[in-house]
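Consider the single chain below, provided in structure tokens and representing the form predicted alone.
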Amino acid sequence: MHIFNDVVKLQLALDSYRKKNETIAFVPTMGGLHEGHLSLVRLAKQKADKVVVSIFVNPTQFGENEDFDKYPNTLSNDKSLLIDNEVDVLFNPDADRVYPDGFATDIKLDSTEGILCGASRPGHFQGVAQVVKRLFDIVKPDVAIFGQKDYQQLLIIKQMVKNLSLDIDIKSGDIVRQKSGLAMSTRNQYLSTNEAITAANLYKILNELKQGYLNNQQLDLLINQAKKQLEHHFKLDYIEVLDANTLRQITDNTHEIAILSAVFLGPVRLIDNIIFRRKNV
């Protein structure tokens, strides 16, 4: 595996692949790698000749009182995992290389930015879009892979690529879960053993809501029941059932449903979602 922190050296290496007509898949991460990330790497290997993974903890997507300074740094282990999974290139820049002096960009996002996680974390998705666009400009991938767990982020990135007419194919990887059902996340390591057991209730409650919906139970009642269940275990941020393609209210034309939720367990913010097709549509 080749490791770069310099933009120019990275681009020279990637140009050498392109000269051999090799395609490039890109998996952007903030490190703290786990099986969820590695599943994206494996998907990337199916989609292109060469795989580039970035590890960069992006300061612009962290809000006030969030965990930027404490975000897990497991670089040595991350490198070993990427080598074991036959990644071709690791890009591990510092902030000055991603955001050089004078760098400024304001990416126009649609109304999806301000709901759900965007309402709880003002400016977060502007920071995400900014760093993803910058990394796209550096790597110039043919395909980029993102996880479904950050579903709102996935849709925002797809819309950004469309709005800016970027020639990049965005693919998504399924959520990888622990045996308990808890969605894998770098922040899970903040949880104690007992908290991890409690955290598994998030997916259980979302899945019960899904089953109730598929059994034609009234949606408002299902959501209220889920809220009460979640509030028994967590501090609730939100739970919504929306059109999976637009993150707007479900209509008669909605084909795919998204159940999305964010909760706090102590200081740890957990997000999860279930995406499924509606019956008889």
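A quick note: this is a predicted structure, and the numbers were derived from the prediction, not measured. From 1 onward, residues are counted along the sequence shown.
This protein has a second form, the form predicted in complex with ligand PAF, left out of what is shown; the following refers to that one.
The chain is drawn here without ligand PAF; in the predicted complex, the stretch among 192 to 200, 101 to 109, 207 to 215, 123 to 131 whose residues come within 4.5 Å of it by any heavy atom is 123 to 131.
For the three marked residues, Tyr151, Val241 and Asp243, no heavy atom of any sits within 4.5 Å of ligand PAF in the predicted complex. Shown without its partner, this chain lists Leu43, Met30, Leu222, Ile250 as candidates; in the predicted complex, only Met30 has a non-hydrogen atom within 4.5 angstroms of ligand PAF.
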